[in-house]
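Next up: just one chain, as structure tokens, the form predicted alone.
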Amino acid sequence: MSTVEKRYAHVTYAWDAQRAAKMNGLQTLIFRSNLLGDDGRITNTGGGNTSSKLLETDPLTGEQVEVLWVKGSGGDLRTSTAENFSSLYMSKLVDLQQIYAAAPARGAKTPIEDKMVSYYPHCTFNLNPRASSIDTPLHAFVPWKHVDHTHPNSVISVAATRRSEQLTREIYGDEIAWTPWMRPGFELGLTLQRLWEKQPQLKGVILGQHGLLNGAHDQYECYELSLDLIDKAARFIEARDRGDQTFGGQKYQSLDESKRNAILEQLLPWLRGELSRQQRMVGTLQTDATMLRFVNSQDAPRLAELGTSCPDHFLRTKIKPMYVPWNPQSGDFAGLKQLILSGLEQYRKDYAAYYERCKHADSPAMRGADPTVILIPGIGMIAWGKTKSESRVTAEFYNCAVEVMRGAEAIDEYIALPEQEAFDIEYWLLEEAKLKRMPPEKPYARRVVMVVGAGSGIGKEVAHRFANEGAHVVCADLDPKAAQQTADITS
């Protein structure tokens, strides 16, 4: 292990200098992005953006021009390739500031801010079809050639505390600035630009209740700085970890595996039916020690009610999970079912009331009012989505939220986004437009199909057909190895 690798306790150093030396600018950006995305402590699935300002040859003039390559809308850092990055003329992006400045009303959530997104295609370099992210101005208007915008658990823990600004100074001194929460967009990009004009020595900024943005003029230095800043926050938190008193200590004990499984065998099919009345849902179960420490804790009801903080989280997890106040030591299965039924009824009422309180004249219609995360003491967490993949991501996001709450409570007091701000992200018209652009679901989407005899012949072909039509396929066969081979192909 090298000296630089030893320096990090809470992130993984994975830079390969020899490999990077053989890459061009875009290839190095992709390499950097993949490394950051591969560490779940740095950013969540689909979250964060990276960028590089590179000199490219203009296909019309043959001249060298500065082009911003930035991870586009809908991409994932861990798996991104060149096709996941949009490319825009820097000169045209800067010129957009004149259009914005001429608007009669400017600022976050004004009509002109959302309209600016429609101008990004006019800035496209070399007919790149990848749609630009709403975070594009955050990368374009800061001074560095290379920028990382990530959602690290440790930094969001700092960003989601009541004393976030003071803690930022305590941890980072004058190297890192702090800004209060502002929805991503053109105004936030200009805010960051003004920040660096006043404090050119800054290496980065903590975006209140959102994440981290930092940069450098060298790709490796940018990567290393990201790791330094994230690890520094994590070390600060660990030095103040509450140990046995994390989340106020334990109120309940976890059930042993056999008793838990006996309950889940009855609970999961019934619960899926209750949550699939409007449209079918698929669940992911999590019963590990880390999640059980949270759901069994004294503070779980309070923190669950506050909901998540980072906007990337509650787009999947909704504004809050449903916590079931069941005592695993004295309660029985019938009592658990009744608590879930009454909890679902109240959750739906609360969600409808939240929608009515916060909606605007042009808000999209209310989406499903069922929870996507259910927490049960003694058992764990069940996350839900329209596919198994989506439910896994939902589970991942709430794991991030739990880790953020752990860190925030260790160093101060956890706070969530204000309700109206949460709603304005969840029902953002730009997000609604993105949902409408998604391809229609396949005929057997959301369905779970068991194919008996899936290891060979007709059964194998049937399994493949159902998988191609969007079903979640369970492959059964007298030959377990053959069934597994079919499952590996269909997954």
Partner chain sequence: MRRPRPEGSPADGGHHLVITAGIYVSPRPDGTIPDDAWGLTFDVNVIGPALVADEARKIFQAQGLRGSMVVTTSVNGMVSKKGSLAYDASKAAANHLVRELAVELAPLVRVNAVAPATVVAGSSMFPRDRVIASLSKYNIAFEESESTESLRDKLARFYAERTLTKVPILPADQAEAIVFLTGDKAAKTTGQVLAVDGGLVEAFVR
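What you see is a predicted model; the values in this text were computed from it and never measured. Numbering follows the first chain given and starts at 1.
FYI, the form predicted together with the partner chain isn't displayed, but the following is about it.
Contact with the partner chain in the model of the complex holds for all three of 272, 276 and 448, each having a heavy atom within 4.5 Å. Of the candidate stretches 465-473, 7-15, 479-487, 21-29, only 465-473 has residues whose heavy atoms lie within 4.5 Å of the partner chain in the model of the complex. Just one of 60, 433, 458, 55 comes within 4.5 Å of the partner chain in the model of the complex, counting any heavy atom, and that one is 458. Contact annotation: of the candidates 341, 268, 334, 366, the single residue with a non-hydrogen atom within 4.5 angstroms of the partner chain in the model of the complex is 268. Mapping the unseen interface onto this chain, residue 280 counts among the residues with a heavy atom inside 4.5 Å of the partner chain in the model of the complex.
Using a 4.5 angstroms limit between non-hydrogen atoms, residue 427 is distant from the partner chain in the model of the complex.
A residue is said to contact a partner when one of its heavy atoms sits within 4.5 Å of a partner heavy atom; residue 65 fails this definition for the partner chain in the model of the complex, lying far away.
Although the partner is absent here, residue 108 is not a contact residue: none of its heavy atoms lies within 4.5 angstroms of the partner chain in the model of the complex.
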